[in-house]
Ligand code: H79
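Listed next as C-alpha cells is one chain, alone, in the form predicted on its own.
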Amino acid sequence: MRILSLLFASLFLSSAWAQTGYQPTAENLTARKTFQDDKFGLFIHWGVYSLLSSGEWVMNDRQIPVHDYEKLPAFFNPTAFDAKAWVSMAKNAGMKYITITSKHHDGFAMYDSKVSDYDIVDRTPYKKDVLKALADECRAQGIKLFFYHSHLDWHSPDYYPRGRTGQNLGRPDSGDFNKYLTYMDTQLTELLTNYGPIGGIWFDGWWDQQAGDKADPRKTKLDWHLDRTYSLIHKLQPATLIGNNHHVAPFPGEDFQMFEKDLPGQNKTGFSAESEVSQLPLETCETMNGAWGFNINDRKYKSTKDLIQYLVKAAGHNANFLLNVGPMPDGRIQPEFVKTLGEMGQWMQQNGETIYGTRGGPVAAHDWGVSTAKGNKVYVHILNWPDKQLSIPALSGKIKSARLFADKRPVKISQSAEGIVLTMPAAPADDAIDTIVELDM
C-alpha cells in the first residue's frame, strides 16, 4: 500500500496537470485507428450483484443498506468461471476486444485491490483475481482488454455529497470527496500497472453529479477532476484509450466517444439528448436481452438477425458495436447468449470484410440500410429490402463495377449526376439479414 501510494503521488505530480491542451501520442493515435478497425467487442457486466439475479443496479433499486449488501461477497464463489472459454467465445463471435467491469456502482472490485479489501480476493470464498486470469487469456488469444470503471460509488463513505443515486443506503452523512477521488485514481493505477497493456478505460457514473443546467449540460455539482485522472492514465499507459459514458460532448483528454443503447446522432432511448457526435472514434453499446447484469426474469432476447443488423448499422454510422453479456453467479455465460454469439460469428466469418477496417460509407443511413467503405470499395448494406431496384445519391467518382458480395453476381448500375440506381439480379429470401452490394470505385 505504501509503495502504491508513493507511485501514485509520483505520477500525479510529474504528469501534466491539465489535459485541456491534450495532444495524444503517436501510440495513442495508432491505438485509436486500430480500435476503429476492430469494430466489434464484448461487454461484460459481472459482480456480486449477479447473486441477486436482478441486474447491476439492484443495490440502488432495492435500497439495500451497505452493511447488508456487504454480506453478498461471502456467497460469491464462481467456480465455473473459465477465462479461456470466455475469450474463445468472444473470438469465435468475431469480436476483437473485451470490456469488463472492474468496479461497478456498488463499489465492489472484481480484482485484487491493495488499496481496499472490498474485492473478490479478500471478501469471497473464490479468492482469485478474475481480471488477472482474463488479462492473461486475452494476451494468449490476441484479444484486447478494456476495463469499465465506475466514477460513482454506493459503498464508499467518502463519496459525499451523494449524487442522484445511492440514497438511503445507511452511509454516514459526511465524507471527503477529494479523498474518494484519490482512492479511485489509486485503483486505476493498480489496473494500469498490474495487468499488462490495457486497451482502454470505459468510465461510467459521471452523470451522478450532473448539475442539471440546461444551458451547460457538462456542469457538475462536484468537480470530478477529470484532467487529473485522464493525465494519470495517459502517463501510465499512453496508448490506453479513455472514454466516458457521460452522455454529453467529450471532454479534453478523451480518446473515444460512446453512445448507450443508441446509434450516434440518434436519441431513441433518451440518453443522448445532450450528446454531440465528435470526430473521435465512436462506439455504441447494447444488451442481448434487456439487462446489463444477470437478470433471471429477463427473457427479452434479441434475435441474431437484429443484433447483426445493429452491428452493421453501427459500422455504417462509423461506430464500433460493444455487445453485452451478464454472466451468471457461478461464472457461466447464459446458453442463449453463447448460441447467438456463435451465430453472429458465422456471419462475420463470411461478411467481416465489409465491416472490419471500414469507416462509415458515402451513402448516409436510410430506412433500407447503410454503407461502409474501405480503400476503393463501398459496401451498400441493404437491411430492409425495398424492391428489386435501389436508388442512392450520386457518389464522387465513377463506379467501375458492382456485384453481390455473397456470390459475386453482377448488379446492374445506372449512374448519372442525379443519382445511382442498382438493379439486383434477384430478390433475397424473406429472412435475409443483409444483402451486400460491393462497389468498386
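Worth saying up front: this structure is predicted, and the values here are computed from it rather than measured. In this text, residue numbers run from 1 along the sequence as written.
Omitted here: the form predicted together with the named molecule. The next part is about that form.
- Transferring the named molecule from its position in the predicted complex by superimposing the surrounding C-alpha atoms leaves no ligand atom within 2.4 angstroms of any backbone or C-beta atom of the displayed chain; the site is open.
- With respect to the named molecule in the predicted complex, the three residues F40, Y97 and K313 uniformly fall beyond 4.5 angstroms at the level of their nearest heavy atom.
- Stretch-level contact check against the named molecule in the predicted complex with heavy atoms at 4.5 Å: of 52-60, 406-414, 385-393, 32-40, the positive one is 52-60.
- Proximity to the named molecule in the predicted complex, defined as a heavy atom within 4.5 Å, singles out one entry of W202, Y230, F321, F108, which is W202.
- This chain is drawn without the named molecule; in the predicted complex, the residue among E137, D185, D112, E260 with a heavy atom within 4.5 Å of it is E260.
- Among residues of the shown chain, H225 is not one whose heavy atoms approach the named molecule to within 4.5 Å in the predicted complex.
- In the predicted complex, the named molecule lies within 4.5 Å of some heavy atom of H104.
- Although the partner is absent from this view, K339 stays clear of the named molecule in the predicted complex, with no non-hydrogen atom inside 4.5 angstroms.
- Proximity of N267 to the named molecule in the predicted complex: non-hydrogen atoms within 4.5 Å are absent; the residue sits far from the partner.
- Residues from 282-304 that approach the named molecule in the predicted complex with a non-hydrogen atom within 4.5 Å are limited to W292.
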